[in-house]
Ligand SMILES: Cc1cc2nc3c(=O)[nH]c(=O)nc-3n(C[C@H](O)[C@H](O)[C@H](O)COP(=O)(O)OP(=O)(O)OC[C@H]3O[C@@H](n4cnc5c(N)ncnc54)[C@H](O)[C@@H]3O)c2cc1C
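A single chain, nothing else alongside it, follows as structure tokens in the form predicted alone.
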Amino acid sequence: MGNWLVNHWFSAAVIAAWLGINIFLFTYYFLFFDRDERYFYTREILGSALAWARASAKCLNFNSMLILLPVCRNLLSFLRGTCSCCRRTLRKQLDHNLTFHKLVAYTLALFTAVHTIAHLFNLERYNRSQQATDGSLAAVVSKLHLQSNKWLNPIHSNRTTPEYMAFTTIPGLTGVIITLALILMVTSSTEFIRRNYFEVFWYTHHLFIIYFAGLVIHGIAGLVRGQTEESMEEAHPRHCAQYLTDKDCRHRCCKETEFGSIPAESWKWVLAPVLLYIFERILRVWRARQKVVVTKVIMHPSRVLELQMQKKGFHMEVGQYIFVNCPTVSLLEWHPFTLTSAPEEDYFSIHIRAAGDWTESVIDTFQQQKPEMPRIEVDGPFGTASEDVFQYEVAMLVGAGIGVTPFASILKSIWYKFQHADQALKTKKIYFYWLCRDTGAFAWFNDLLASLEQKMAESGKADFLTYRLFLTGWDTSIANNAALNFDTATDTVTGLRHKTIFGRPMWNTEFSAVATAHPRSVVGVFLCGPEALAKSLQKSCHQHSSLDPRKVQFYFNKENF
């Protein structure tokens, strides 16, 4: 538990605060609507369903206020890069933005279910009270002031059904629409859909516009009502309730018991984040319209396309990513790609692996020999966890397949720093692990690793970088060839000095070795790869971090975009 807190205490504190606010809002408003005397008559009709509906509505407003903030990429980049109070702990929290976004989305789904079920009960009870002829208090107040705007029960006729109210009133219709929009957004954002049908995820997620529009106008009609303040002074339910059930009631309570709607409040909660997000989108559009020049196109093995580009005013840091649009393929789709170039270079580059319809189409478009280069639009760059790599004395970089791309940028930057004898480099040691399923993938950055080997040997810092390449998929011929040539100076698979390892890393062994070599260091562990690998690395970070702050500490960082 103590080792877990080393990596996650701040995240746990944020989640605890968020949960605490949700619990407080729900409890406070549940008790408020369950006890406040302005809603005495409303409770006579609806019972506890009133409190369930209103308390969940407050939590829906609160979480709707938060849902857009984690996806304001420019805001996060500002906090990461320019805010002086943004220390390592807070910067790590910013890397969990999408995790928090999903958590808030699932919470919205939960409270939407509670709110919807409660209002289904409410509609049925409104209808039952309107049709009742037993002289009960619920039946009596349901028939008060039906000819004016001071009624309590929104169902004014025995012929009106709950279904009619659900699909013809503003609250009912908008409730149905925003619930359907939320269901589509949540279900289409599953890992399977995002990986295999990204276009479905991309388009359905833009239903958030309908969701927020519906949310703002959902409560305007004010179907759920309570007794007005003026009426409370003249006809308090504590004194008047007994008179209302009398036949041919002539008491003033029967005339002065009047009701008014609850003011719509959703817009107050979401106005600021919606305006912030609108500004975010305007900024994205403005930056995307700036001209991008594709200076070089390289086709690598395993169907990986490298694009080298230039854009006026473009400034990047290691490990950052950009969003890319190719209008020839799709006018609306934008996809994230990690930058593989270094800040010291006069261009920026990305590597695109064929992994879906959009990437396949982009690769095919650039492979066609056309006189005019296809147009590319770029938004970014945006910050990620890998930006912090040079803040650590020791760094462990783990890339799986195309997940090596952010570390290509880091390794290139290191090469330039050695070229210029940069004395400000805080990092003293880097361990680089690259896991690939096929040998062709290693060709992407072989030249880079070979140059680094040579440069560091010339600089007398051959021990600065230790890298291990793991081949997780191979056939017998590759293994036999490697065994026969094991004593050669270079590896038969990659041509590098370090030998390729067949199989997967033993992470406990690797972490133990790093902990032994650097017993008093803060080690940054950076991953760009699948979730299963992330869990293994997180577990190793927890196991091998010391509770003593003077001893080795492992901090886990994962690319999320």
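In this text, all values refer to a predicted model and were calculated from it rather than measured experimentally. Just count from 1 along the sequence shown to find any residue number.
What comes next is about the form predicted together with this ligand, which does not appear here.
Chemist: Site superposed, this ligand placed from its pose in the model of the complex: open or blocked, blocked meaning at least 3 ligand atoms within 2.4 Å of a backbone or C-beta atom?
Modeler: The site is blocked here, because this ligand, transferred from its pose in the model of the complex, has 3 or more atoms within 2.4 Å of backbone or C-beta atoms.
Chemist: Might Arg375 be said to contact this ligand in the model of the complex, defining contact as any heavy atom within 4.5 Å?
Modeler: Residue-level check for Arg375: no, no contact with this ligand.
Chemist: Answer for Thr359 alone: is it within 4.5 Å of this ligand in the model of the complex, judged on heavy atom distances?
Modeler: Yes, contact at 4.5 Å.
Chemist: I'd like to check something about Ala355: if you look in the model of the complex, is any of its heavy atoms closer than or equal to 4.5 Å to a heavy atom of this ligand?
Modeler: Looking in the model of the complex, residue contacts with this ligand include Ala355, since a heavy atom lies within 4.5 Å.
Chemist: Does this ligand get within 4.5 angstroms of any non-hydrogen atom of Arg195 in the model of the complex?
Modeler: Arg195 belongs to the contact set for this ligand.
Chemist: Which of 126-134, 330-338, 281-289, 171-179 has heavy atoms within 4.5 Å of this ligand in the model of the complex?
Modeler: Selected stretch: 330-338.
Chemist: Please state whether all three residues Tyr321, His351 and Ile402 have a non-hydrogen atom within 4.5 angstroms of this ligand in the model of the complex.
Modeler: Answer is yes for this spot.
Chemist: Here the chain is shown alone; which of Glu199, Asp364, Glu393, Glu345 has a heavy atom within 4.5 Å of this ligand in the model of the complex?
Modeler: It is Glu199 that has a heavy atom within 4.5 Å of the partner.
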